[in-house]
Structure formats: structure tokens, C-alpha cells
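Below you will find one chain, with nothing else, as C-alpha cells; this is the form predicted alone, and questions on how it binds or moves follow later.
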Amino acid sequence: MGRICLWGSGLAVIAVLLAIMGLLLARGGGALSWEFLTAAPKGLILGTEGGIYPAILGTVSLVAVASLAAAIPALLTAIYLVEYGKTSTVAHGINFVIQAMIGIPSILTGLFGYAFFVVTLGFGISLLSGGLTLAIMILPTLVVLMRDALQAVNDEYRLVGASLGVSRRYLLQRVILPIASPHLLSAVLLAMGYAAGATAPIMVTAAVVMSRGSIDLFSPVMALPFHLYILFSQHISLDRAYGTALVLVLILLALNLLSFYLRSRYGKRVTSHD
């Protein structure tokens, strides 16, 4: 009975995903074309014609800025928690703050980004403000995923290194990080997917209704989640809204599948005794 429940739960999750993809394909598949993916939106009512290329480019740019800004601080924090701090009071405090940050609604992160990056630092509504705001949003998730990746490395490597008198820094650089690198990269990919689908933070820090696709750190950009919100909320074109949603979901699926491949293909290296 227990096995049936487990299988049923797994199949239910797959069924929900297939239902979502089926709906998006049925309603938005017809909107997909080369022009839709490579042209800017146009029309008397903006979005009824043309494509979503500036939104795709803006989303990729926002995710790139967020990942670059968050990855190194997250990795350094994870290294301290696993390799140096462990049970220290500081480590407990960092873990508490990280867990608290994960529970913060994204709109509050967006409001902080607006107050700090847009207003206080004077970056304005821009790619840089949006990317840094997304970096704050994904930082705690990245720390947790990277911490788990480092903790998964077999402790025998550390014990052997200590018995041979190898410095902790050398062991970290030459053994621990190379072994954990597939899972660390997987963590970054998952965080990129999280950032790509976020709407609330970029609404107040980075996104505009229309852009021609030029990328400038101090200029606003279009983004797929915000463009999708505009199309749906204004009832501009439901077919194109579903098409935009389909493109966004395919991007998220690609990131998650690549992350899964890295974990399954190279994950055995993490706990190997060899």
C-alpha cells in the first residue's frame, strides 16, 4: 500500500507537469514562430503583433547579472559553514539568517531593491538594479544548495588530507571543490531558473513594457515574466500570452534538466570512496 501511494504521488506530479505543458502547447503553440522568437513586439496595441526577443534577451541578462553577483558570495558562505565554521555561534547565526531570508516574499525583496538600488544608490529602473535585486533573492537558496553540495563530499577525503598534513586551503582547492563542482554548478542552474521566473522583484526595479533589445546595465529591460503579466492582465492577446508562457517554461525546463543531468551524471563522484 505504501509503495502504491509513493508511486501515485510521483505520477501525480508528472501528470500535473504534463497537463501544464499540454495546455501551453495547445493554447500557445500556434503563436510560436521564428518572428515570434526574434522580433520585437509591435502593433497598434503593443504585443498584438511581432515577437518577444527583447523580453528573452532581457531575461537572460537579468539572470546573468543575478548569477554573477550571487554565486561567489554564496560559495564563500557555504565554504565557511562547511569547512571552517561548522558548529560555531557565527555559523548558527548565518544559518538562521539564511533560513529567514528564504521565507521572505519576493515582492518585499523587490521593494528593498527599489529603495536601495533604484533610489539610494541612484541606479534607476535598470538591468543592474533588477539583477542585483534578483541576486539578493536567490542568494539564500544558493547558499543552502552549495552548502549541501560541500557536505555531500565524503569526509574520508578530509580525514586523509589531515592525516597527511595537507593544509585545509590546499585540500579545498585541489580536492573538495573539484569533486563538488558538478553539484555546485547544478545549484547555480537551479537558482538561475528561480530568478528567470520571478516577476515581482523586476516589476519595480528593472522591467519596462517596451524595449528594442539593446542591453545597458543602467537602462531598463523587458523580461518574459513581466511581459507575460502585461499580456494576461491587459487581455492584449491570450494566444501570445500562452506562447510567451510556453517559451518561459521551456527555458526553466532546460535549466532544470541540465541541472538534473549534472547531478545524475557526475553525482557519484561526490560520495565515492575511490
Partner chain sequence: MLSDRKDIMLKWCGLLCAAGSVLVLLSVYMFIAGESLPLWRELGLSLLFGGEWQPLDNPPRFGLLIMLVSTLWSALGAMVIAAPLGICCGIFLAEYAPGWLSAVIRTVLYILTGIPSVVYGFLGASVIVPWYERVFGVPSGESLFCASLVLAVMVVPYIVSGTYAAFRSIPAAYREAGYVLGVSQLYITAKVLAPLAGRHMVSAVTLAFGRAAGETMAVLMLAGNTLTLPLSWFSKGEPLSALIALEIGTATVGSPQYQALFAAGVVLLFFVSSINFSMYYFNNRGRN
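Heads up, when I say rigid core I mean the largest set of C-alphas that superpose within 1.5 Å between the two forms. The shown structure was predicted, so the numbers you read here are calculated from the model rather than taken from an experiment. Numbering follows the first chain given and starts at 1.
Just so you know, the form predicted in complex with its partner chain exists too; it's not on screen, but the next bit is about it.
Novice: State yes only if every one of Leu128, Val144 and Ser181 has a non-hydrogen atom within 4.5 Å of its partner chain in the predicted complex; otherwise state no.
Specialist: Result no, not one residue of the spot touches its partner chain.
Novice: Though its partner chain is not shown, can you say which of Leu57, Val65, Leu248, Ala31 has a heavy atom within 4.5 Å of it in the predicted complex?
Specialist: It is Leu248.
Novice: Any of the heavy atoms of Ala241 lying within 4.5 Å of its partner chain in the predicted complex?
Specialist: It does: once its partner chain is placed as it appears in the predicted complex, Ala241 has a heavy atom within 4.5 Å of it.
Novice: Given that its partner chain is not shown alongside this chain, does Gly50 nevertheless sit within 4.5 Å of it in the predicted complex, heavy atom to heavy atom?
Specialist: Looking in the predicted complex, residue contacts with its partner chain do not include Gly50, since no heavy atom lies within 4.5 Å.
Novice: Is Tyr229 part of the interface with its partner chain in the predicted complex - any heavy atom within 4.5 Å?
Specialist: So Tyr229 counts as contacting its partner chain.
Novice: Please check if Phe260 has a heavy atom lying within 4.5 Å of any heavy atom of its partner chain in the predicted complex.
Specialist: Output for Phe260 is yes: heavy atoms within 4.5 Å of its partner chain.
Novice: Using a 4.5 Å cut-off on heavy atoms, what residues in 7-27 are near its partner chain in the predicted complex?
Specialist: Contacting residues: Trp7, Ser9, Gly10, Ala12, Val13, Ile14, Val16, Leu17, Ile20, Leu23, Leu24, Arg27.
Novice: Is it true that Ala254 shifts between this form and the one not shown by 2 Å or more at the Cα, once the core is aligned?
Specialist: Comparing forms between this form and the one not shown, the Ala254 CA shifts below 2 Å.
Novice: Fitting the rigid core first, would the Cα of Leu23 be found 2 Å or more away between this form and the one not shown?
Specialist: After core superposition, the displacement of the Leu23 C-alpha between this form and the one not shown stays below 2 Å, so no.
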